[in-house]
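Quick setup: one chain, the form predicted on its own, written in structure tokens, and binding and motion questions come after.
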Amino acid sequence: MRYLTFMLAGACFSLNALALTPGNEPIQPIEPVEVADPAKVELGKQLFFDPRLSRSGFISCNSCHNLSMGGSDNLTSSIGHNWQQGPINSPTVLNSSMNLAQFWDGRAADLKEQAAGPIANPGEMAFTHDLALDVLRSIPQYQQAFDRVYGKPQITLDEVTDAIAAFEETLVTPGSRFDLWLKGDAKALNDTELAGYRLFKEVGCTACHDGQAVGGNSFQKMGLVMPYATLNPTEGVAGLTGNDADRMKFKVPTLRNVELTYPYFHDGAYWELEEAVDVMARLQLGRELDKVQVEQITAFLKTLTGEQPSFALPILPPSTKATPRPKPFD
């Protein structure tokens, strides 16, 4: 019996050791992106930063997905045309190419489809696709750029969204300390961070937050064990399907760079990462974590911050007499 006890203890030790082996983890490291078409990416970068794709001439893709702020805007909900309040928290654009779909409710299949939405949304950029194309067609440098990339000077929405998506696909964040640990650097994480990662797995967080993006690959109900109290009226996937079973079901967000992408959840209700950890443990997993446990998981989550995209800001070509004028105060 005593021998069996030692055998079982040894087996448990072996399993624990295996669970902390970087090559056997539910999270995979992010690799640097390989750019196949630099000219397309550069064109997409210009379009991402160009506010003339909005009615006001003031709002660009970068307004809500600020690449200086973790690819989000650090607001409860984004500010749209004429200071309109957006209906939902802006998700980060960083590592968004790893998502199974785009937007919180997954209504866009990919980045290309997503890029078209905000331009024509009256609560966001408040333009029309036709007027946005008129802007680009009125600028010779854009015509030349599209001709170089796509082999024709005619500019269509399909090419605009394709270029923006190509740029966004480069916005990955490799080189986090956790990725270094995954690749074998035993000193990349301290004891508190390792304890937090172990606990992150033990309580069940990796059931939804796994893979390269540590999330983004499934839809889950917010408030699985206990209801989530919110004043935000957004219905989640139910807003698309009309199915009550899909109410409060949202795409699981990535946890990469999560310390930069506050406030948290679809309604942006929680500003502190520690609060978000506590809420998710109770509402999604039915677990009551003590202060030390919350601090440990939070310490681990901060190791997921990777190298932020770094590049020269694009110099946008000037408007011409034919360029439609912005209307910021309509």
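Residue positions are given as counts along the sequence shown, with the first one as 1. All figures in this text were calculated on a predicted structure; none of them were measured in a lab.
Heads up, the form predicted in complex with a further copy of the same chain isn't pictured, but that's what we're talking about next.
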| item | value |
| --- | --- |
| L131 within 4.5 Å of a further copy of the same chain in the predicted bound form, heavy atoms | no |
| Exercise: M69 in contact with a further copy of the same chain in the predicted bound form, heavy atom 4.5 Å | yes |
| 4.5 Å heavy atom contact, A145 to a further copy of the same chain in the predicted bound form | no |
| Residue contact check: L53 to a further copy of the same chain in the predicted bound form, 4.5 Å heavy atom | no |
| Interface stretch in the predicted bound form with a further copy of the same chain - options 108 to 116, 226 to 234, 242 to 250, 72 to 80, non-hydrogen atom within 4.5 Å | 72 to 80 |
| Candidate site F200, F219 and Q296: all three near a further copy of the same chain in the predicted bound form by heavy atom within 4.5 Å | no |
| Residues of stretch 299 to 330 in contact with a further copy of the same chain in the predicted bound form (4.5 Å, non-hydrogen atom) | Q308, P309, S310, F311, A312, L313, P314, I315, L316, P318, S319, K321, R325, P326, P328, F329 |
